[in-house]
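Have a look below at one chain only, the form predicted alone, in structure tokens format.
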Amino acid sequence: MRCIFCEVTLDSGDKCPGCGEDVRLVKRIIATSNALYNIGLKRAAVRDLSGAVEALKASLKLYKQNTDARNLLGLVYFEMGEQVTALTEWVISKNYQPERNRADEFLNKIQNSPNDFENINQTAKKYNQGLAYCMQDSEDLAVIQLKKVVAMNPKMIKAHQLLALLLMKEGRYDLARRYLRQAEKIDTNNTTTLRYLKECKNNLPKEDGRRRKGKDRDDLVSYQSGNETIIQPRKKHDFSSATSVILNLAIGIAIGVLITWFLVVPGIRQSEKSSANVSLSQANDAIAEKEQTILSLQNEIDELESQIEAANQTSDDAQIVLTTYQQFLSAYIAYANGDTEGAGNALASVNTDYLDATGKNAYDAVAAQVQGDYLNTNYEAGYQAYQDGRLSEAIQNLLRVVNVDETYQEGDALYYLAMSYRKNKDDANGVLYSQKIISHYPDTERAREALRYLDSLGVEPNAPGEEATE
């Protein structure tokens, strides 16, 4: 444990041995963070993943540098099928602890398995497409898309829940319950899953067991014989008088003769005639079944071919996403080591279109801290190089500043860049940045000096306020 004021390793005392600050509150906060981490670990062990996420987020809220809690949170997200969020947590953990961090193991495992990384990318795209279909009220297409997501990533709880919700809206509660049961096996205490299961239970038909048992009891009668209870069927009315027996026999014989004449004999004849038709129908059914099997196999082949084609198209995107995160990580490490210029150059190469919401937030936070130092460092270096006559070096440094902010230091960076180009005999760029001075700062001595320079070259200046073009 290190002091937050001077980074000196703390001992068992209440004062920092380096700066002498009172660190009792700091130790208490870190101890509470570790206790919440242990709670999250216990919940994850019994597959209470939602509870584990809640405890680990609370732990990181108290002490964001608790890399054990952050790595476990990434593993929990990964188990819940949210691999992109898990990668974000591991990248942040690596920023806080570059050495001896288990996040390296997790990131290297994914990086060394292109198929897994590609599957993560495909799953995220298909889930987002399913959400878009829901927004467009195309619920049938959303169901198809989400079924593909569940097939590709069976652990993605959000996909199970959204698919179940769409099926519940269609009234297919039995099928919705099946997907919710799968989600419940992954996260046993997810409140959304449990609420949806309760809704399915309330809308599914209930078994009429009580009524059946009551009816069975009506057909039985019980009485006591000593200490024993005797249960037997109720007695039926006995119509076994002699007249009734004879009459019933006569009626039965007559009915039997009629049934034989009108039903049995024609049935035998009809069975002989239809035997050929039955054989023909069975043959047709067998042919139809084989044709259906062939058609199903062909559809599966087409689906696999489309998946292969989509995988080939998105492999480059997956590599770009990984490279973007690595560039952002390099920028953060450079800034943490005091290399402002290296951090600024690295941030300039990051394409934020490939960062998710969490990654963009982290990028904005780092960029806000780096940009001021980056611009000031390059401006001072460029200005000093200009004063010393090192024009190429001055152009290189001042151009970095102007590309970010043309009005930096009230136009000083733009002015010295234009002067560096002019003294370096680069009239094309000298004209370009002189035009920018006229556009941004009309009616100033620098603008008039730029006009005289353009007039000496026979170049027509832009009107004040008109943007110069390259």
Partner chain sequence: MIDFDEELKRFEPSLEVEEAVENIYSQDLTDMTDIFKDMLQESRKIIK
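Note that the coordinates shown come from a computational prediction; the quantities given were computed from them, not determined experimentally. Positions refer to the first chain, counted from 1.
Another form, the form predicted in complex with its partner chain, is not on view; read the next lines as being about it.
Q: What stretch, of 57-65, 431-439, 414-422, 34-42, brings heavy atoms to within 4.5 Å of its partner chain in the model of the complex?
A: In short, 57-65.
Q: Residue 199 versus its partner chain, in the model of the complex: is there a non-hydrogen atom within 4.5 Å?
A: Within the cut-off, so yes.
Q: Please determine whether residue 255 contacts its partner chain in the model of the complex, using a 4.5 Å cut-off between heavy atoms.
A: Although its partner chain is absent here, residue 255 would stay clear of it in the model of the complex, with no heavy atoms inside 4.5 Å.
Q: Answer with yes or no whether residue 383 is in contact with its partner chain in the model of the complex, where contact means some heavy atom within 4.5 Å.
A: Judged by the heavy-atom cut-off of 4.5 Å, residue 383 is well away from its partner chain in the model of the complex.
Q: Quick one: does residue 371 come within 4.5 Å of its partner chain in the model of the complex, counting heavy atoms only?
A: No, no contact at 4.5 Å.
Q: Sort through 366, 166, 103, 186 and report the residue having a heavy atom within 4.5 Å of its partner chain in the model of the complex.
A: Contact residue from the list: 166.
Q: Which pick from 195, 178, 390, 360 sits with a heavy atom within 4.5 Å of its partner chain in the model of the complex?
A: After the contact test, the surviving option is 195.
Q: At a 4.5 angstroms cut-off on non-hydrogen atoms, which residues of 120-151 are near its partner chain in the model of the complex? List them in order.
A: Stretch hits, in order: 121, 124, 125, 127, 128, 131, 134, 135, 139.
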